[in-house]
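One chain follows as structure tokens, the form predicted on its own.
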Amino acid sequence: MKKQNELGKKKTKKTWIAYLWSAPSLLLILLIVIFPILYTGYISFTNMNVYHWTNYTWNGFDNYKDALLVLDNGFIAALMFTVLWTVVNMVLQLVIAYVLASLLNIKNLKLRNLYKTLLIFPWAMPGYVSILLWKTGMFNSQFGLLNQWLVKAGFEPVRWLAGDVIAFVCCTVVNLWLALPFMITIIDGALQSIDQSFYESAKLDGAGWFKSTYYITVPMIKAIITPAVVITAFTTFKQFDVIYLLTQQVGAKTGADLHTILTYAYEKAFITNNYGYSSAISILIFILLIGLSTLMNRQNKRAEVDE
């Protein structure tokens, strides 16, 4: 009994020592992560804004009702646009990245390493710099490169970022420019991991490119690229810089009215200064992302069990 008590005391002592050593990190997490979330949740139930900075009052779920039930407020429209933005970009990324990665894996391809270096270059540049270079160097209505080409060809200049549809296309192009290198790298590595004997056997059996891709390539690279697809999908869903810098930047708005849920929350917080409402939007985004993460984890676990 004495030995058991002594062992119990030693374990308790080690546990407390472990807590003491981890206390600074836990405190930082509490201050930097947990407290802002809790404070944002608290503000979301008030009418805090620029006119009620210190004398705000509790208004319950009014902010959430305004966001979810009042269509004119724009949150539902921003959410639908965010879903559309994510789906379109993910489909294009996967298709284009797969095609380019397949081309890079052609046998006896010359200058393969040079092509890979050029394709990875946009990813190496800071995103802020790339976006502004596209905005001023390519899409500018007066001296942008695209309009210079159009004028030389005898066409009228185009205001690339002035309309919603054309601005959406331009934003998609820039986002692909930024995101494709990562997806190409992942798919290229996945393709190189496949034993070529599978394709040789399929070719002997008379299988063409489409059948080989469907029955060999996709199943064998699925487990490798799935985490990259999930990460990229969440990154795209939380996209802020591309849409904001190209179309919504304060003092440089282009006329397009495109809003993801993050640019919408930013506008309500720092443009209209409606902090209570923007906090409610932030909490809704947080809950939505947590829900999507949980759903994706469950699906991945089911897929692993099925395999």
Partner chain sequence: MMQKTKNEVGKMNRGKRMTKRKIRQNLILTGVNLFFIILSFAILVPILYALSVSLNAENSLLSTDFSFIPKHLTLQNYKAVFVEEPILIWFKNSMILAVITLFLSLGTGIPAAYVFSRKRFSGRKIILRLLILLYAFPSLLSMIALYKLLSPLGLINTKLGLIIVYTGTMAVFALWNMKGYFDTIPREIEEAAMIDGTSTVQLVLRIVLPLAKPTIVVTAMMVLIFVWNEYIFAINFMMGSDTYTLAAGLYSLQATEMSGSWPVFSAASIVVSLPILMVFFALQKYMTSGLTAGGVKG
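Only a predicted model underlies this, so the values are computations on that prediction, with no experimental measurement involved. Just so we're on the same page, rigid core means the largest C-alpha set that superposes within 1.5 Å between forms. Positions refer to the first chain, counted from 1.
Form predicted together with the partner chain: not shown, discussed below.
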query: Contact flag, Leu118 vs the partner chain in the predicted bound form, heavy atom cut 4.5 Å; finding: yes
query: The partner chain contact in the predicted bound form: Trp149, any heavy atom under 4.5 Å; finding: yes
query: Contact of Cys170 with the partner chain in the predicted bound form (heavy atom, 4.5 Å); finding: no
query: Leu79 within 4.5 Å of the partner chain in the predicted bound form, heavy atoms; finding: no
query: Interface residue in the predicted bound form among Ile216, Leu94, Ile166, Ala223, criterion: non-hydrogen atom within 4.5 angstroms of the partner chain; finding: Ala223
query: Contacting member of Val83, Met90, Leu132, Ala207, with respect to the partner chain in the predicted bound form [4.5 Å, heavy atom]; finding: Leu132
query: Neighbours of the partner chain in the predicted bound form among 174 to 200 [non-hydrogen atom within 4.5 angstroms]; finding: Trp177, Phe182, Thr185, Ile186, Gln192, Ser193, Ile194, Asp195, Gln196, Glu200
query: CA of Gln249, rigid core aligned, shift of 2 Å or more between this form and the one not shown; finding: no
query: Core-aligned CA displacement of Thr260 at least 2 Å between this form and the one not shown; finding: no
query: Rigid core superposition, His52 Cα moves 2 angstroms or more between this form and the one not shown; finding: yes
query: Comparison of CA distance in the predicted bound form with shown form for Leu30, Ala233, at least 3 Å; finding: closer
query: Sense of CA distance change between Val87 and Ser293 in the predicted bound form, threshold 3 Å; finding: closer
